[in-house]
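This document starts with two versions of one protein chain, written out as C-alpha cells and named structure 1 and structure 2.
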Structure 1
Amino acid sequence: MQYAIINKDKVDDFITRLAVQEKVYAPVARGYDNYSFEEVTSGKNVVSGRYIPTILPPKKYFMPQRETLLEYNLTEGQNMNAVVEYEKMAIFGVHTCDLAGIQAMNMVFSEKPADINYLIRKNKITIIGLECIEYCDQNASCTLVHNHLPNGGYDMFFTDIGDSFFVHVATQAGEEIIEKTKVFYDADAPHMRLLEQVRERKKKIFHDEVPIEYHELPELFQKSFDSKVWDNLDSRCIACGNCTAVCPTCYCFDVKEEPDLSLVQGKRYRIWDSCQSEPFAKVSGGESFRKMQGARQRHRYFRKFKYQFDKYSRPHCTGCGRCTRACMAKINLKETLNALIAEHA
C-alpha cells in the first residue's frame, strides 16, 4: 500500500495505537500560539491540523541539546567508554520545513568523518510528515527555499484532503505502521484527485515570499559581505542565541566535562552552542575572529544561504520562520533578505 487514507476521526486512534508499540512524539499546543513536540500516549492533545512551527524543531530528537559522548573512570588511569544514547521513536506531524531541516542535518552528519552518534539515532526514528495546506503565519518563507511541498525525508506523509488524510507511505517502516495500526485503507482515484486539488489550491496560496530566485541566493550573499545591513543588525542583536537554538539546521556544539561528586568518574558531553556568543570564535591568544555582533549575525545568515548552499547544494534555511519568531530584538529574516536585495537591486 503506497498510498493510504485515514479518516480524520481515526487519527487519535492511530496515535494511541502507535504509542502502544513505540514512543511517539507529536506537536502539542502550549498556549499563546506556541507548540512543542512532546511525548504523547494518545492522540488527545495532538495537533494534526494547522500549527505554527514548534518552539524547538525535531532536531532535538536527532541531536539532543545535551548528549553524552564518553563516560570515564579515573580509578586506574584515563579509562573511558565512548557511548551513544538513542531511543526508538516515531515523530508525528513533521512539517515540510522541518523535514528539510532533518535532511540538512543528515547531510552534515553523514559527511566524512561521519558522526556515528547522530547516524545511529537517526536510524531509530520514524518520521511522519504533515503537509501545511495554508501558511502557518507571516514569518514563514518556505516557498522561497522550495520547502512548501514535500521533498521526501519521511516514512509516511499526511495531507489533509477534507474529511480524511491522504497518506504517502514511503518506506518499509511506514508500511509496517500501516499494518500494525490497522486504521488505514487504500487510496483510490477520487482521493488522488482530492490531493491534486489541495496542491492546486496551494499554488494559489503559497508564493515567493521574498523577491529573489532560490538559485540566486548564494550570489546575493556573495555580494553582501560588507553590506550596511550587518551594521544595522550589529546595533540591534543582543546575542541571546535564540535564533540558533530554534533553527532546525544549526548544529554547532561545545564539548564539555562533568565529573561526578567523587571526581573519579564522569562524562564528556556535547551541548548546543551558538555562533552568536562572543567566545564562540575566540582563540587561545584571546583574539576573536567575529568580535562584533553584526559579524556574528552575518556568519549565521551566510551559513544558511551561502556557505552550506555552496557545500551541500541546498540552503540551510528551511523557511520555518523560527529565528524571526524567537528573536528578542525583532530581527526578521525576510526583512534582512529584502534589505540585502534592495541594496543590490
Structure 2
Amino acid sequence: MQYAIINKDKVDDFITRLAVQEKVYAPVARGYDNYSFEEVTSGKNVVSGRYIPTILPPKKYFMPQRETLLEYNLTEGQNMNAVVEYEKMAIFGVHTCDLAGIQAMNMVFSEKPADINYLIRKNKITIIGLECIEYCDQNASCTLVHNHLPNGGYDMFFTDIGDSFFVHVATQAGEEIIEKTKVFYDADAPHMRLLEQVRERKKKIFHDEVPIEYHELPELFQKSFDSKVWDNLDSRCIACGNCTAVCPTCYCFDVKEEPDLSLVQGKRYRIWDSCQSEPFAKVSGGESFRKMQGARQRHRYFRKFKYQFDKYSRPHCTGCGRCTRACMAKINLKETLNALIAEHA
C-alpha cells in the first residue's frame, strides 16, 4: 500500500496501538503557544493539527544534547569501550521544515569519516511527517527555502484532507506500521483529488516571504561579508546561544573527559556547543577568529545560506522560524535578510 487513509477519529487509536509496539514521541501543547516533542502512550494530548514548531526540533533524538562516546576502566590495562546510546522509536507529527533539518543532518554526519553514533541512532527512528496546510506563524520562511512541501525524508506522511488524513507510505517501516496498527484503509481517486485540492490551496497561502529567489541566496551573502547589518547585530546580540540550540541544522559539539576521582574509570562524552559562544572559535594561544558578536552572527547566517548551500546545494536554514522566536534580543531572521537585500541586491 503506497497511499492510505486514516479517519481523524482513529488517530488516537493509531498512536495508542503504535505506542504498544515501540516508544512514540509526538508534539504536545505546553502552554502559551509552546509545543514540545515528548513521549506519549496515547493520542489524547497529541497535536495532529496546526502547531507552531516545537521549542526544540527532533534533532534532540538524533543528536542528544549530551551523549557518552566511550567509557574506560584502567584497573586491568587499557580497557576502553565505545558506547552508542540509542533506542527504537517513532516520531509522529514532524513538519516539512523539520524533515529538511533531519535530511541536512544526515548529509553532514554521513560524510567521511561517518559519525557512527548518529547513523546507528538514525536507523532506529521511524519518522511520521505531518503537512502544514497553513502558516504556523509570521516567523516561518519555509517557502523561501523550498521546504513548505514534502520532499522525502519520512517513512509515512500525513496530510489533512478534511475528515481524514491522506497518508503517503514511503518505506518498509511505514508498511509495517500500517499492518501493525490496522486503522488505515486504501486511498482511492476521490481522496487523491482532495489531496490535489489541498496542495492547490497551499499555492495561494504560501508565498515568498523574502524578496529574493532561492538560487540567489549564496550570491547575496557573497556580497554581504562586510555589510553594516553585522554591526547592527553586534550591538544587539547577547550571545545566549538560543538560536543555535533550537536550530534543526546546528550540530556543533564539544568533547569532554569525565574521569572519576581515582582517575582509573571515567567516560568521554560530547555536548552541544554554539558558534555564538566566545570560546568556541578560540585556538591555542587564546587567539579567536571571531572575537566580536557581529562576526559570530555573520558566521551563523553564512552557515545557513552560503557555506552549506555551496557544499550541499541546499541551504541549511529550514525556514522553521525557531531562531527568531527564541531570540532574547529580538533578532529576526527575515528582517536580517531584508536588510541585506536592501543593501546589496
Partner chain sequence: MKKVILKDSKYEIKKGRVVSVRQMTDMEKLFEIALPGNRSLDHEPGQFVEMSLFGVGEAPISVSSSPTKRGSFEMCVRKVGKFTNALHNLKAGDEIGVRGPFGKGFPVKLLEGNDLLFVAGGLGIVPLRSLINFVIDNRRDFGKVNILLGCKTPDDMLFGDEVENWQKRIDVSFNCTVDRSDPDWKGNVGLITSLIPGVTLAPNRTFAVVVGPPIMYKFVIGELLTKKIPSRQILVSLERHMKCGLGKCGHCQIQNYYCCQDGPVFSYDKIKNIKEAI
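Just so you know, these numbers come straight off a predicted model, no measurement behind them. Under this definition, the rigid core comprises the largest set of C-alpha atoms superposing within 1.5 Å between the forms. Each residue is numbered by where it sits in the sequence of structure 1, with counting from 1.
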* To do: With both forms of the chain shown on their own, indicate which is the form predicted together with its partner chain.
  => 1
* To do: For residue 260, decide whether the Cα shift between the two structures is 2 Å or greater, given a superposition on the rigid core.
  => yes
